[in-house]
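The chain below stands alone and is given as structure tokens, in the form predicted alone.
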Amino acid sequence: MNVYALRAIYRFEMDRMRRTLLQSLVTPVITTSLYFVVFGSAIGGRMAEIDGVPYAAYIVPGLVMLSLLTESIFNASFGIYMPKFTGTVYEILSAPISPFEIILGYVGAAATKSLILGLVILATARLFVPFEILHPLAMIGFLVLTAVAFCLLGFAIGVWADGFEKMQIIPMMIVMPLTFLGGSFYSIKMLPAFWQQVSLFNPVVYLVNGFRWSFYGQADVGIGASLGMIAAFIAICIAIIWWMFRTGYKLKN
């Protein structure tokens, strides 16, 4: 393994986070704080408990997931798109570094930034509402797996996109609506029976509920189903990225 090249990619991407700290960290934290003010304080005081958990605390895992998913995609897609945009991707592809090491460098840096953001949002949430984490190791595990999964998706989007507008299509038009409809702010058990069944086809339901289980020990779907969904999602993303490098799709032409 070319450790020097891998370290260079990782450090470059982490330095970009430090140069754009306002956009990378401060803006998502402020946005999440506004969610807590609106949903946690203004609305939460008028909502009944859900599964014995106060509403303001119940939405904490969902809000963390909402930020984690979108920021993971953005960090990874922007990281690989910029070398394509500037033309330096050809220098990376011609360097003595394997596709695995390229992916590891970009996805590893993007996942690190997403994990930092997730932990900062958790600390911010603590300022607004008290909550407990029953399974802290499981919580960290879900954070890591989810960040890696959506950073892989973001990497694929960055390779596919040939414009800044295209990078926004999937996160804004698909991922964010699925997150809002994935039980981030409610339990799917509150829905009519038909819509409960429809919600089970939303992969974000499994991510949010697996993460919520690590906090409160209860969820709308089984923990095994959540882990299986994450594993399947990671496998699909890896297969797509492998095909992109194998064929040179929008990388070598």
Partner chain sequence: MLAPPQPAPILSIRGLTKTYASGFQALKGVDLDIRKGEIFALLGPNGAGKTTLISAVCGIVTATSGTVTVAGYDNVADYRRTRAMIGLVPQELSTNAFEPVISTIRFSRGLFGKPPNPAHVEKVLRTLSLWDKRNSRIMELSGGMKRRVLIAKALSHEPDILFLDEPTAGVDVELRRDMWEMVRALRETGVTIILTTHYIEEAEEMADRIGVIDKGELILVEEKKTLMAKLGRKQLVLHLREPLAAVPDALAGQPLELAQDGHDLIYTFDAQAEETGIPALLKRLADLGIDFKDLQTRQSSLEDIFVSLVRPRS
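Being a predicted model, the structure only gives us computed values, none of them experimental. Positions refer to the first chain, counted from 1.
The form predicted together with the partner chain exists for this protein as well; it is not shown, and the discussion that follows is about that form.
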property	result
Complete contact of 19, 90 and 94 with the partner chain in the predicted complex (any heavy atom, 4.5 Å)	yes
is_contact(residue 98, the partner chain) in the predicted complex, heavy atom dist at most 4.5 Å	yes
Any non-hydrogen atom of residue 243 within 4.5 angstroms of the partner chain in the predicted complex	no
Among 81 to 89, 151 to 159, 136 to 144, 108 to 116, the region lying within 4.5 Å of the partner chain in the predicted complex by heavy atom distance	81 to 89
